[in-house]
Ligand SMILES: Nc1ncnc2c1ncn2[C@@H]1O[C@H](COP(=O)(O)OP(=O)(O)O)[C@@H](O)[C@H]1O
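Here we start with a single chain on its own, the form predicted alone, put down as structure tokens.
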């Protein structure tokens, strides 16, 4: 069967797919509109099939997702890869979609930015429904290992994300990271706390709209060869600046500064990036910081926090060594009293922590303010 991948209304290239396996690339129409991580040889006018396959495989719920097995039991016998293609491969992070070549459907009629979508899967993921559900949803293509789901709140597209054992803390950490960023003047997506049944989740509004896409840094680094004479930090900034991301250095420095303060353990190349206009391909700048929940000793026992020194990412595993990259360029004043208050106030909203380990918020706040 022949299919075409589109970027919004622009056909990019066609390909043959049999039983969800890419057989070959057929015709190339507008290669400049392809996903950045899909390799294109301009001289030979060739799209690299393997990089396209890699793009599609990365556009699915990962094997590490909480409750993945329960989800698989309820998606009509599909694999997670098949699920990602179930409703045109649509996402709420970009405008790429796939249709059969002769299908007359148009982007304006199906995209999730302008059209409503089923909330069945989201309700199922969060334990609100045990029935079969519609696959007309952007949750087919969501990444990350924590429970998460896109929901509709009036006209807003809201991402709801859970936490993990033993302390169910990540949702609160997202809120803390946002509040600390706000007092430091750092661009971080706004997170709030939402109770659903007995559990608490973080919620944030989508910062991508029908005219833009989020391009993770991983899309850049996986297709470029870093010279031996420069650091990965300098290499990433150089590659972003080549693409027109003029605020790359400042955006990354501020992100690393925040991550240093909150002991973020999981700032990998897939959870920061830049925003591009899908019509003009004009780069809009670095995306706001998001996905900061795996921080603040989220899974460390209270007794171990005082001496804890968790590994970090993405440029060095040592927290202080990574901070050395930016310390001479960061001139923001750290108000430790305000940071302490934010941590204590937000973690106090956790009924679980208040019941089982009420001193944890103080232990974490003490560790943070003594380490910055």
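Remember, predicted model here, so these are calculated numbers, not experimental data. Positions refer to the first chain, counted from 1.
Heads up, the form predicted in complex with the named molecule isn't pictured, but that's what we're talking about next.
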Discussion item. Test of understanding: in the predicted complex, would residue 143 fall inside 4.5 Å of the named molecule by heavy atoms?
Written reply: yes
Worksheet item: Quick one: is residue 150 in contact with the named molecule in the predicted complex, heavy atoms, 4.5 Å cut-off?
Response: yes
Worksheet item: Any chance residue 161 has a heavy atom within 4.5 Å of the named molecule in the predicted complex?
Response: yes
Worksheet entry | Close approach of residue 205 to the named molecule in the predicted complex, 4.5 Å, heavy atom | yes
Discussion item. Which residue, 168, 235, 97, 290, is the contact with the named molecule in the predicted complex, using a 4.5 Å heavy atom cutoff?
Written reply: 290
Worksheet item: Among 214, 85, 221, 258, which has at least one heavy atom within 4.5 Å of the named molecule in the predicted complex?
Response: 214
Worksheet item: Just one stretch in 276-284, 153-161, 104-112, 245-253 has heavy atoms within 4.5 Å of the named molecule in the predicted complex, so which one is it?
Response: 153-161
Fill in: Full three-residue contact with the named molecule in the predicted complex, heavy atom 4.5 Å, for 201, 264 and 343
no
Item to complete: Give, in sequence order, every residue of 243-279 that has a heavy atom within 4.5 Å of the named molecule in the predicted complex, or say none if there are no such residues.
Response: 270, 271
